[in-house]
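Okay, here we've got a single chain as structure tokens, the form predicted alone, with questions on binding and movement later.
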Amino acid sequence: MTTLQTAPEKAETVVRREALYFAFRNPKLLGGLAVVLILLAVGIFGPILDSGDPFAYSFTDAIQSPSGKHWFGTTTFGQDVFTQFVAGLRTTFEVGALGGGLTAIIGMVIGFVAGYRGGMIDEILNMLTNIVLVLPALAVLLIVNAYLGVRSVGMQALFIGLTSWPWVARAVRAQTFSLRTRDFVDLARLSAVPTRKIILREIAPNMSSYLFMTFILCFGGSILIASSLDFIGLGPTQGVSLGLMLQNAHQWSALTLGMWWWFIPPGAGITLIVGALYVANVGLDEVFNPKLRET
């Protein structure tokens, strides 16, 4: 027995099919996602190819260029660069997901509430956003670092999330302002639907594409911030990431010694991940915005 779809449901189905049609034909979206998925697969399944310890020292194999034994060469201490690269990819994706996700959640919650409620609540949340926006994040991190003996990926992601959400809140707030006066929102309000359900069921679904693209930007931004903190020595004290690989290569004069295989892989990895996310985001914008679609 088949069920009949209402006119709004039919329109929504048509929009979804149209978006999928253009998504599978957008080279920017497909290319960007392919690069990200390939690097993610290397990070996840890389240990199957090389299950070595990224911190294992081997002075007999020190400073070796790429070869069949060491695909990406070795460091000045004989550590395998490919093993570190694989482990660094996992950590980089982890901090991107955690930090970007926390940034998106905090910014979206504050943006939705401020944009929908308005009035005094909007003014208070807007003031909080402005305070965090002008907060010297690096100075705060230096102070926190002085009191933390051990820094972890989770702490780094938490710091990124707590300091990077203002731009998300402002963007979501502006979109919510334009949607809260629509007829379907007024109808839900007159039907005594709670504010939380109005935001989750009426406003957020109409911004789903925008929110998804915002998360992608938060993901890439979190990776860049984490890599920058790692490079200046404020990253995790344990583990390995692409940013920490660059920091170690710089600290032990890899460029001066001509050890290009030590700093190029992590630098290329960060560039590929962030660049691919940006390209995929541009592709998504073309998919969801009919004016930008290529016929």
Partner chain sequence: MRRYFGRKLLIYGLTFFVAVTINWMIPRFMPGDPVASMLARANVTQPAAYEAMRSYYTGLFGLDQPIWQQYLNFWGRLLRGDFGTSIYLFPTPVSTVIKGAVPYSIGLVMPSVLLSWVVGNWAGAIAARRKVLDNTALPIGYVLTAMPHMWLGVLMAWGFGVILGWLPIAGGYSFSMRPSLTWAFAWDLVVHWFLPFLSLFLIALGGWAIGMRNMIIYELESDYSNYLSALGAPQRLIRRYAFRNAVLPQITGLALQLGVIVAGALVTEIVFSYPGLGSLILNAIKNKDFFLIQGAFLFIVLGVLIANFIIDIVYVVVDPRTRAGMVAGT
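Numbering follows the first chain given and starts at 1. Just so you know, these numbers come straight off a predicted model, no measurement behind them.
What comes next is about the form predicted in complex with the partner chain, which does not appear here.
- Heavy atoms of every residue among Asn126, Asn130 and Tyr278 are located within 4.5 Å of the partner chain in the model of the complex.
- Shown without its partner, this chain lists Ile105, Ile143, Met155, Ala97 as candidates; in the model of the complex, only Ile143 has a non-hydrogen atom within 4.5 angstroms of the partner chain.
- Put simply, Thr256 is close to the partner chain in the model of the complex: some heavy atom of it is within 4.5 Å.
- Of the heavy atoms in Ser67, none are within 4.5 Å of the partner chain in the model of the complex.
- Though the partner is left out of this view, Leu284 does not reach within 4.5 Å of the partner chain in the model of the complex, counting heavy atoms only.
- The partner chain is not drawn, but in the model of the complex it has a heavy atom within 4.5 Å of Arg170.
- Exactly one of the stretches 219-227, 110-118, 186-194, 88-96 approaches the partner chain in the model of the complex with heavy atoms within 4.5 Å, and it is 219-227.
- Residues Thr256, Trp260, Phe263, Ile264, Gly267, Ala268, Ile270, Thr271, Val274, Gly275 of 256-275 are found to place at least one heavy atom within 4.5 Å of the partner chain in the model of the complex.
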